[in-house]
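Taking the form predicted on its own, here's one chain by itself in structure tokens.
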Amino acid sequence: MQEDKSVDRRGFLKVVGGASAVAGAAAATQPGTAAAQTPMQHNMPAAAAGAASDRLSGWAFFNPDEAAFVKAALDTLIPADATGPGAVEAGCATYIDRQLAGAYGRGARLYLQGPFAQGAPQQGYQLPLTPAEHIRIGIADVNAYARKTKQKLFQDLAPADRAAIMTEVDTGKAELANVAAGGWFNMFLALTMEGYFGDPMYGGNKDKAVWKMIGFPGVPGMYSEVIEQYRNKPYPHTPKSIQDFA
């Protein structure tokens, strides 16, 4: 999360957002070991995901303290501003919660039998932890680091102190007890970006606000017939989600 003052954060989001929404999950890399696989919204078929959206009104995975941490971390990574919603307003916490409570969180598509050894980034996920375990343990580790260095839980820190902690975690400067700091940060960031730019049916991108912000039309097939008409022009129509066709 190192900040380059020559690049406007929201401008960067607008540039990469359309590609992220189409391409799916970014790969989260374990520093010096492996790329953590975070498949985009693969936990459930469309009908089941839509039903879950109506059914889940509380947290499916996080306890209240973890949820408070996640919201503070999301607000640190993508805060709201005049251009568009922050990650909290966009529902990224709900997205991450549902992903970790489902098949992705259980590591359903990961080989978790070992042996576990340090590997190159292209060799894939190399940890004995499921993604849900990895995120949960990392939350506890970052909170312990915040207590040690700032004498408060992460979610109780001022925004500037939260940003400083997240930068230290991102760069690996923070010494966490049980997980590699940079690898945990990359997995959490990848989930955040998925929730921010993904289809609203999975819990994030609430009210399609992020798609509207970046001018993304939604389900790509519904845009193909007018792509030439709007090439390099704003798309003035409401974007379409998968749920709009369910």
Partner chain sequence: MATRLNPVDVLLVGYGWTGGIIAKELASTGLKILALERGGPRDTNPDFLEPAKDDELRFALRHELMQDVSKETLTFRNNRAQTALPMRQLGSFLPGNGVGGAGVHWNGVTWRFNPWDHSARSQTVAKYGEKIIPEGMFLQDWGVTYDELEPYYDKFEKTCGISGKAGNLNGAKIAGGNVFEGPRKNEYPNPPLKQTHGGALFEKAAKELGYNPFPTPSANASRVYTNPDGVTFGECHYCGFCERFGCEVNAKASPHFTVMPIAAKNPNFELRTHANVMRVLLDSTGKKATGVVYVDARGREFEQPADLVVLSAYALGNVALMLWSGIGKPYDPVTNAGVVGRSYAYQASSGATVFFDEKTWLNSFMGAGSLGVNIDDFNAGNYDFEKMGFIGGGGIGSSTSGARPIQFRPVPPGTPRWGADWKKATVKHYLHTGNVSNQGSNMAHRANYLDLDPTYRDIYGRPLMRMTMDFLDNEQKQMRSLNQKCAEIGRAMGGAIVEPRTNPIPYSIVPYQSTHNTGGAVMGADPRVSALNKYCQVWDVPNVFVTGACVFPQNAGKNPTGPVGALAYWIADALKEKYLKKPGALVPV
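Residue numbers count along the first chain shown, from 1. This is a predicted model, so every value here is computed, not measured.
Although it is not shown, the form predicted together with its partner chain is what the next lines describe.
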Distance check, Thr94 to its partner chain in the model of the complex, heavy atom within 4.5 Å: no
Even though its partner chain is not shown here, does Ala117 get within 4.5 Å of it in the model of the complex, heavy atoms only? yes
Is Val70 part of the interface with its partner chain in the model of the complex - any heavy atom within 4.5 Å? no
With a cut-off of 4.5 Å between heavy atoms, is Ser224 one of the residues that contacts its partner chain in the model of the complex? yes
Where, within 63-83, is there a heavy atom within 4.5 Å of its partner chain in the model of the complex? Residue list please. Thr76, Leu77, Ile78, Pro79, Ala80, Asp81, Thr83
